[in-house]
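One chain comes next, on its own, written as structure tokens: the form predicted alone.
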Amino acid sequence: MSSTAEALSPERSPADALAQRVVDAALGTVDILSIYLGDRLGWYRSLDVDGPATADELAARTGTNSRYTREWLEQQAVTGLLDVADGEHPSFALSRAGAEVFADEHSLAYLAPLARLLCGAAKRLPELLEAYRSGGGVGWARYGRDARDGQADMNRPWYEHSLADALGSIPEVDRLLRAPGSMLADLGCGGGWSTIALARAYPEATVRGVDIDRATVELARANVAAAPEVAVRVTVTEADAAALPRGGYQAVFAFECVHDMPRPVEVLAAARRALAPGGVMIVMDEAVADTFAAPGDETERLMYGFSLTVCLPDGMAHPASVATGTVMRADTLRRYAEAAGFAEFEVLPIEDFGFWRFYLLRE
């Protein structure tokens, strides 16, 4: 088959155009799988840190098999992700853009973790099939290290580079967080990068991260311990966010997690009770469209993909779940907030922050 542009031309039948789209999707899937291999086997990092390599050189550097490195390097060059210098023993190189996307964990363009997350979800397909038939679920812990690391590492650059400016652009919030002795709670803290970013942005604050998944809490604690400049002001607790103690917090945050919660109203109500007088809750969640419409844009398509394979099954794994899924529209969150006792709900004017939107909840 030819290019997508040709597939969509008037001369092609709708069936041909749709078939071409499936082929394009298959090519993208192959790229994702190969990116996962290059990421997890350290091949991208070696090409970035140690420079261009032949198949034998890359295998020797990374303790892998040279026949596999040759096939992977050739595939990466054929698909356009690596550069290659021709010769009897071709040398392959990672471009500057490739280094950002596949090897630089601090870059906003870093997307190797997306392959980890998607491949982590794919490993659970037999369980997902059973859940779809029975109405059960697949809990987050079942997705393992690939999903856990993938989500944490994909969000990390945004917290490191953009969170301080985003919150600083809202004067009311910034004043609360800068107050000496302020106490902040980060619900569903994941790998702890949001918690660390809050502590770095607000040096007078004490920050408590909370997550219900034990392996995730261990990951967050390790990340906090590796940031000694804030570790003394940060704690990470394994707990249900609905059990948050009453009073005392100037702000409670929930970064990209409310849509995963089986009982979000309980958690939001606990967050409201945990706020000191004048305190606020900040929710960051997916920037999906306000209403369902088909076809949707790329963000909507990606979020439905996450919902089908990760977030909805995770939510459905718990009893009495509201089963929100990744595609939580603003009106849904507003409804949850009102049911939790919040009197005010506002979409914050924070733009160009990845796939996410910020909300402000007040009593």
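Remember, predicted model here, so these are calculated numbers, not experimental data. Residue positions are given as counts along the sequence shown, with the first one as 1.
Below: the form predicted together with a small molecule, not depicted.
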Which one of these stretches, 205-213, 128-136, 225-233, 164-172, sits within 4.5 Å of the small molecule in the predicted complex when only heavy atoms are counted? 205-213
Can residue 240 be called a contact residue for the small molecule in the predicted complex at 4.5 Å between heavy atoms? yes
Using heavy atoms and a 4.5 Å limit, would one call residue 188 a contact residue for the small molecule in the predicted complex? yes
Decide whether residue 151 counts as a contact residue for the small molecule in the predicted complex under a heavy atom distance cut-off of 4.5 Å. yes
Would you check, heavy atoms only and a 4.5 Å threshold, whether residue 281 touches the small molecule in the predicted complex? no
Just one of 92, 255, 249, 102 has a heavy atom within 4.5 Å of the small molecule in the predicted complex. Which one? 255
Looking at 158, 140, 72, 110, which is the one with a non-hydrogen atom within 4.5 Å of the small molecule in the predicted complex? 140
